[in-house]
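One chain follows as structure tokens, the form predicted on its own.
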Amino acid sequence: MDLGLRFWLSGLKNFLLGRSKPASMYYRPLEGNVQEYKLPDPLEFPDGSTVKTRGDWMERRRPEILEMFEENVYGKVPEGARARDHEIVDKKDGALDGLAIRKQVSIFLAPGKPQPILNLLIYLPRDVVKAKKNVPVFLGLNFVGNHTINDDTGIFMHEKYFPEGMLRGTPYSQSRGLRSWRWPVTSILDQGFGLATAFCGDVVPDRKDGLSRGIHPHYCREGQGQREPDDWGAIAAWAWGLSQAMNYLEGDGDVDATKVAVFGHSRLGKTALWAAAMDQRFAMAIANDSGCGGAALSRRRFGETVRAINESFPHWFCKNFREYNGREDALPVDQHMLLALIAPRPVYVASAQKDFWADPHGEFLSVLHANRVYKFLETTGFPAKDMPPFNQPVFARMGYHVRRGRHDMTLFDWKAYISFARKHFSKKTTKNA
């Protein structure tokens, strides 16, 4: 039977069974297509010995796993790659009808000229700042330019590369606020949080030739031609860009830099997870519909596979990742280990019911398998054993939900993330709660 038809029939079956059933019931008919696999153990060293102490994890096993991801999946950031300076080019007290303080910051990503500039847009709740309180912030990249997240006419329009394919027929001059449904700015500010974002194309244009047009040429080794097999791809570069934004936020007196949640949707969800793994200054990570190369287990080969993602987006990962096209079982890591790298910091993974390509069940299983490390580190970990029903978030130190609908980021998702952040950013929250 055609997979699409089976998927539809499985949804009908779930409806007939009742909405209180675990969401895994919806995907179960398709699970017969998943080949048998064995996941690598995050708490086992290559010689077969086990991780026994927190020190073993933090000082030995965690760096070992991090290096395997660098070598085989995302690629290595060149030594010495760092932003050189920044300039606050706009500050508006009373933006968004008095609700916000808006800042726009140019972060200079490389020495010399011309140089790539990360244009960071920040909204902070005005009442919190005026009360002399530091603001916890959600930080994430956007796909189409800062001006598309809100119709605020004070946001600078992007003047360089623009991903025309994402405009959906809208003329560039009319693209202000084009993606505002994914960015409920006023709702975030009303809850006492700030929002910071930048266009991913400021770091690397999201196109097959993007690595020749973004940050990469500025940090090539002398005499280097083609990139090496373990050189950083676009996702590693975007994650690096988030760390450069974090450098600025640490020095912003209005921001509580100990409470910055890095987040992202789809390929930028993959980016957020890798950023949090690489940079432990991020207090929390949130991945929305991140799929293959994000939260979904690669060995399941369900929906988008390693081969499919490498062939469609050869610029996202390092070249070594292509060696595992059709050979996922040979990977020394899998994505539950990426989530484990974030431990013991809070992490939230979200899926969508109709996002077959991103493998919602595989994203949930990744949380479930990473929970061993969270429990080992004596956190509350994840409190469920089965996929929760649709639209019913479950979280402790780890969080998960599967939302009804398609591949997208919605107000429902944001409400869950805000609740999760409030739980862990509360002053009353204990370190490992």
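One-based numbering along the sequence shown. On a predicted model such as this, the values are computed, not experimentally measured, just so you know.
Below: the form predicted together with a small molecule, not depicted.
Q: Answer for residue 102 alone: is it within 4.5 Å of the small molecule in the predicted bound form, judged on heavy atom distances?
A: Contact with the small molecule, no.
Q: Might residue 309 be said to contact the small molecule in the predicted bound form, defining contact as any heavy atom within 4.5 Å?
A: Looking in the predicted bound form, residue contacts with the small molecule include residue 309, since a heavy atom lies within 4.5 Å.
Q: Is there a heavy atom of residue 267 no more than 4.5 Å from a heavy atom of the small molecule in the predicted bound form?
A: Close contact exists here: in the predicted bound form, residue 267 approaches the small molecule to within 4.5 Å, heavy atoms only.
Q: Hey, in the predicted bound form, does residue 304 get a heavy atom within 4.5 angstroms of the small molecule?
A: Although the small molecule is absent here, residue 304 would touch it in the predicted bound form, with heavy atoms inside 4.5 Å.
Q: Counting any non-hydrogen atom inside 4.5 Å, which residue from 108, 172, 324, 313 sits next to the small molecule in the predicted bound form?
A: Partner contact (heavy atom, 4.5 Å) among the options: 313.
Q: Flag this candidate site as yes only if 193, 395 and 422 all have a heavy atom within 4.5 Å of the small molecule in the predicted bound form; otherwise mark no.
A: Contact check failed for every one of 193, 395 and 422.
Q: Thinking of the small molecule in the predicted bound form, which stretch from 337-345, 124-132, 207-215, 259-267 has heavy atoms inside 4.5 Å of it?
A: Single hit among the candidates: 259-267.
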